[in-house]
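You are given structure tokens for the same protein chain in two forms, set apart as structure 1 and structure 2.
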Structure 1
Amino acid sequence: MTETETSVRDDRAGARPAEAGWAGYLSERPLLVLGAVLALLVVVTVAIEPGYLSVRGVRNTLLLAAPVGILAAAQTVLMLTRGIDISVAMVATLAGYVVGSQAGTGLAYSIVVGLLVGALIGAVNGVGVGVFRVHPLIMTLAMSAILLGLLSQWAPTIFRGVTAVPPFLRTVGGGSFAGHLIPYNALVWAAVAVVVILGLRRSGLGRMIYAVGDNPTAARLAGVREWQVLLVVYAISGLLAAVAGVLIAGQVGSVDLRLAEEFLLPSVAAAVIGGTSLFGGVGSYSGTIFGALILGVLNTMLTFLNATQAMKQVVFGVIVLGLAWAYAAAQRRTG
């Protein structure tokens, strides 16, 4: 760990005296910088709380980072197409309610229904954005308002009595294995990560996502049906939000209207920290994974420092702003 730290210092010292070589090298390899930032944060956290690398610290960080990482996967894929999804938190909450209400009819069935509902709502967003050309921010914002309104009415009626979560989900969402070191939800996150990374790199859809985000006109002229790509991408976002919602419900152990609220902004922040551009076509999920981990470690560190929620919010905001600025500067340098 200490070696990494010194190497980070060396990099910075080398980059300072107008050596465009180092700065250029690093701005072309953002993952290296993100890894260094993450390592630095871990080192600082260990310095504050020497017991961090033992069992509980790492587990808690992963436990928090996994739902953020899965929601950020949705944001990453959408940002690549110049989109964003504000409704992920409400879709996740809805999925939690659906799974809770269907638990009596069988676990697998309830999970499938929950995920399908998420994908369906995502598809509705996709129709709005892809077919009717509604601005993504507005479309998903409106969807969020609609879902909040419906859930506020349904919570005491249709979903009455839905508060507890099946034990299996509580294990998946909040339990851990390997000597309590690795939480199960990190496994789900890993699976999602493999699918998203491979899908973006290797599949035809993945290439079309980058093409549509990079230059919609060129993609259309090349024969890509933009609306179909957007429809699928928003459905995927809804599905991922539902997966995260089920995990969050399992972790909390119960469902309520505010279930996933606090995960919305970190999900966008993780993608931004990871270097995905809101202008589309630039970025990768591997960067976002680092983003989610950085936010997770940072959160743990601030908790060790007894920072209040207020302090955390300010620090998060400053870090998002600082990294976004660094990316913008790096992009201008490389052109």
Structure 2
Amino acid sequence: MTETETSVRDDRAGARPAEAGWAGYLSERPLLVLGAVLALLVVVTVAIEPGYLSVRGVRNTLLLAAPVGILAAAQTVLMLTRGIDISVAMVATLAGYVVGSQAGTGLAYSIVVGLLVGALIGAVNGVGVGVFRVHPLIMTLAMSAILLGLLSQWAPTIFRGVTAVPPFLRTVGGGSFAGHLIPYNALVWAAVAVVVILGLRRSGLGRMIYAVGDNPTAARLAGVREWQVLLVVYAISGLLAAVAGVLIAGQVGSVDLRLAEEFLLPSVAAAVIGGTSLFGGVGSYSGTIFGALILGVLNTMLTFLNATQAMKQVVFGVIVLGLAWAYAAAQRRTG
């Protein structure tokens, strides 16, 4: 080896620690990066609409981000196990119908029934994925189609006239307090966030979720019953989707077949933006919270730019595809 080659090699070796240092610093602190992206979007939105940083602007962003954040909690726990739930939008819609149909028997009873229906549907998904080994995408896509068909049949019969939402749910879903700054649905989101974050970090189930997503074979050899973990996480996904559905129904003030349709793609995007890997085992709900807030600000910015809902869906889809490509490229480099 010549002196020049040795010098170049030493220069490259010396450059790697600095590059790795910055990359490592940022990779170990993803919330800093997400916080910077959120702040940048806020600045851009304020430049477009100077009145955005007002009580009304902040409230509207939180109002939109809360149901997305709750649905994204479902996607986060599933993506950590290498799964996904395409049926969350239809589960949320069904929960809204159930709560409306049972409201005459008592508000608390109707809410409990709606949540139980969501958890039951999620458990069926879990049986399909965990026991019968159906691919999560196929299982939940089929469940979504089944629920759409059933609701289309039931809407003019069993759920006929069930469109109005009780006043209490309209307050929780769309009302606010603290000088109209903080929506009530943000409180529900905060409660969900605490449970999910602590559950993933400190519970045995949380450790098994990461283990199954990181290396299913090693998890099985360690005594983890993968099908049981998947059954539980899909049931949790259904429960969270039902919670979001009740809030969305309250926010809209009525129920229809397209109640939660536009929330499906943002729920996936929020988890992906937050750093949850589509390949399992990597991610946290803390990042997903930032992802939901980023989408909330982005949605508001696009509204100020007079973008249609269809164009917003295009933007969210591009974000998911771009980040999915980036994760796949990163996995190939490390693999």
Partner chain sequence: MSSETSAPVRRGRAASVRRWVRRRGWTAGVWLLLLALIGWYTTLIPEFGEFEITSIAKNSLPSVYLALAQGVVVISGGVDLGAGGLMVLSNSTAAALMEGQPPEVTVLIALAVVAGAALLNGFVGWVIAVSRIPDIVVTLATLFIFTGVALMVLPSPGGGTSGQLRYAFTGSTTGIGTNFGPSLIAIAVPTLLFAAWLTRTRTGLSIYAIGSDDHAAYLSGVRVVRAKVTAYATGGGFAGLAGVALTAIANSGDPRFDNAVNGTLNSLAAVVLGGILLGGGVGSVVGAAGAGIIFFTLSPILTAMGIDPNTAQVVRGGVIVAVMVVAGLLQLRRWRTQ
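Counting starts at 1 with the first residue of structure 1 and goes up one by one along its sequence. Here, rigid core means the biggest group of C-alpha atoms that superpose within 1.5 Å across both forms. None of the values given here were measured: they were computed from a predicted structure.
The first of the two structures is the form predicted together with its partner chain.
Hinge angle between the two structures, smaller rigid part versus larger, from C-alpha superposition: 18 degrees. We note a C-alpha movement of 4.7 Å at G322 between the two structures, with the rigid core held in register.
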